[in-house]
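In the block that follows, a single chain appears as structure tokens, in the form predicted on its own.
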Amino acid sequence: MSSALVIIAAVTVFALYLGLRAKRGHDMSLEQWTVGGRSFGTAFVFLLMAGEIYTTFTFLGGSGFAYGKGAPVYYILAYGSLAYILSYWMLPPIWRFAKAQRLISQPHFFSRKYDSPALGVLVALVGVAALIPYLVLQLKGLGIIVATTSYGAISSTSAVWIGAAVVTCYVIVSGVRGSAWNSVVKDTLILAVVLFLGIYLPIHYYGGLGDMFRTIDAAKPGFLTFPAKGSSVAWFQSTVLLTALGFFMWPHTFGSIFTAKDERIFRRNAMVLPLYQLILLFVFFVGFAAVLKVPGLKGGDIDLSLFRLSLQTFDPWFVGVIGGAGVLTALVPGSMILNTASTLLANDVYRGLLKRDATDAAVTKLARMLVPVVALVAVAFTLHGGETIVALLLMGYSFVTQLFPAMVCSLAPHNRATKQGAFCGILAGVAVVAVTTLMHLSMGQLFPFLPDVAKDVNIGFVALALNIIVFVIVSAVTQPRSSGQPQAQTHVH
């Protein structure tokens, strides 16, 4: 057994131990299991939200996109920073409402804000539809990381099954607390590994960052600038805006807002998280370093660039350390997604649609039973999918961004939007996303008469634009007749 495999196995076992131990001293009621009893301080909330940055996407998608696309990779750096700026104003009122209403999930929020159980069910279904690809992304990344860093001793398929089993076990036992405890280890390890790789590899192979970029520019002219068509500046700007709006619309990220014990936590984090986002630059540096040293990777194989370069550079034991950090980038976000998806199905679909009088204890029991079911579905998709990691993430973002207009309007003191408008807008947007994704349509294909610059705009804007149009029109048509008072209310139902 290689030293790399020993280290990877040790990290995995430690993650399982921490996840199970997180339950100690806590009765796993529905509120404890889903939102940690609303008791998390600045550090835990910071790490749960930072988990959105440092997933398998960090090691694989970020470096792979830099390797395959060049300059367009910087959209990953920009959209998170923009989202954190929005969070300074957006998250405190969400938290206040959730605390007052004892909410435990994102659909719960929409259902109460618009006094519409049907809207809550729709939001839950949209959330699950977006979370499954995101969980597939984590498992797909896990398989690649373990198979590569174990030098083939563990196959990608075996790694996917083992990882799914580990997160299933500790999510069932400890819920979101298991994710929070493991996020501490994950972020500490990945920070050290990413900084080291991003500094060492450019120096080792090129003599420094400046020399690396000069060498790449000489060998591949234009690679470090935005292309005139395709992933152009228009694509970059539209994708940054679209993904920033959707950043906190992910059900597991939205749910992490509810875990905080104080609204000031969000404003403190909003000031620090954009700086934390800069660590992604070092991931990009690794991808750029691999461009000339590991040439020829195509398609989904571009996601292997970081590990291919690491394998030819470092001893097996250090490759194991990199692999261990990579495993945690899959397990921690994967556990949050599993917890959230099973909660959505149990609390917001089952209780919201089928059995309104279900008790919290019954919902908790069902949510725990659904954890392995969701995991098995994700494993099935993982083992039979060929999309690159970036493609998977962008598809999920297109879904959850459709929730943004209704969410923002719900925060207004006098919300003129109606439940019918919110429902129809989200439904229209999601339908467009589904059609354009299944048919692989681009803006240029849909609207061939547009100028070239407009053809590169992210196709997700078509869905969002139609969503807003339908939202406004239906809300105008369905305004209450009795008075000018808004339909959406904020009291307990």
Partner chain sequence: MFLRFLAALPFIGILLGVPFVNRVEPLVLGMPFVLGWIVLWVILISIIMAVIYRLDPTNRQTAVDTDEARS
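Positions refer to the first chain, counted from 1. Owing to the predicted nature of the structure, the values given are computational and were not obtained by experimental measurement.
A second form of this protein, the form predicted together with its partner chain, is not displayed here; the remarks below concern that form.
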Inset, instruction - Indicate whether Leu281 is a 4.5 Å heavy atom neighbour of its partner chain in the model of the complex. - result: yes
Inset, instruction - Check whether Gln101 has any heavy atom within 4.5 Å of a heavy atom of its partner chain in the model of the complex, and answer yes or no. - result: no
Legend entry - Partner contact for Phe285 in the model of the complex: its partner chain, 4.5 angstroms, heavy atom: yes
Inset, instruction - Examine Thr225 and determine whether its closest non-hydrogen atom to its partner chain in the model of the complex is within 4.5 angstroms. - result: yes
Inset, instruction - Tell me the stretch among 290-298, 146-154, 188-196, 232-240 that has any heavy atom within 4.5 angstroms of its partner chain in the model of the complex. - result: 232-240
Legend entry - in the model of the complex, the residue from Arg416, Arg268, Lys365, Arg308 that sits within 4.5 Å of its partner chain by heavy atoms: Arg268
Inset, instruction - State the residue from Phe97, Trp161, Tyr74, Phe314 whose non-hydrogen atoms include one within 4.5 Å of its partner chain in the model of the complex. - result: Tyr74
Legend entry - Members of 198-216 lying within 4.5 angstroms of its partner chain, judged by heavy atom, in the model of the complex: Leu209, Gly210, Phe213, Arg214
